[in-house]
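The chain below stands alone and is given in structure tokens; this is the form predicted on its own.
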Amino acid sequence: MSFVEKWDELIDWDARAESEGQFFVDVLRARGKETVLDVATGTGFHSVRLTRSGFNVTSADGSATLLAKAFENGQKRGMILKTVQADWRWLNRDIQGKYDAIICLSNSFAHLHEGKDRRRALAEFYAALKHDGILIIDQRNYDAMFDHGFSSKHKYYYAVDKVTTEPEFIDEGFARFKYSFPDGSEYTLNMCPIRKNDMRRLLSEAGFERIRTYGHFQETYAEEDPDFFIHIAEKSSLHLVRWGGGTTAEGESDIREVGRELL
């Protein structure tokens, strides 16, 4: 709970809203999306912003403590968030219906440490989307950390200079980030770093196609510059038997069945 209370101090809602601008709103509106599932709600920043912009948002998270804080943050801003506690690996068990878009932001996907869990989660995201749905998922620029060492401009995501965020340890399979606050308190989070092209490959293997990657909300960027990458992945037009009707072509497999077999 103490870290949850600190999280909004780290984010600084006003600073982050200014740095992001209308990026996510514009992406969703340009594609005619209305229903949005925020699978990494955290303390509610994006759920609140998108709800305020007119989208029908469902706020999901694996942590009841975070959902309670998100609900409180929504109330403070005059809205009631629709919240649901859900494990990504069994997402479709806990949610109702299908969505135009899913967002998974704030480097949340890196909390999955096992390859089978990452594949299973993406399969569940895919299944929770309508036939023309999109997934918006972001990640830290781990490539730059591996290849050039860690640096952060704190310009877009963690826009608070008084709070420091840096890796205590990082290699190709594990990263421990330390968050240090002005009052002297420190917290750590363990994550599984994923290179950008590995993330794109996982999305493709899950059935997504036409994957666009942005750095600092721009399609054109130097690979080492962005602190974060944002992937926008469109659901494939392929109809998969068990989850969406239709038939699979000879030799093709349903990625969600593969995900089940890996568990």
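Residue positions are given as counts along the sequence shown, with the first one as 1. Keep in mind that this is a model prediction, so the values were computed, not measured.
Not pictured, yet referred to below: the form predicted together with a small molecule.
The listed set L50, L28, L66, L202 contains one residue whose heavy atoms approach the small molecule in the model of the complex to within 4.5 Å, identified as L66.
Taken together, the three residues Y142, T165 and P226 all stay farther than 4.5 Å from the small molecule in the model of the complex, as judged by their closest heavy atom. Of the candidate stretches 210 to 218, 50 to 58, 193 to 201, 36 to 44, only 36 to 44 contains residues with a heavy atom within 4.5 Å of the small molecule in the model of the complex. None of the heavy atoms of A127 is located within 4.5 Å of the small molecule in the model of the complex. Although the partner is absent here, A86 is a contact residue: one of its heavy atoms lies within 4.5 angstroms of the small molecule in the model of the complex. The small molecule is not shown here, but in the model of the complex it comes within 4.5 Å of a heavy atom of H111. Though the partner is left out of this view, L105 does reach within 4.5 Å of the small molecule in the model of the complex, counting heavy atoms only.
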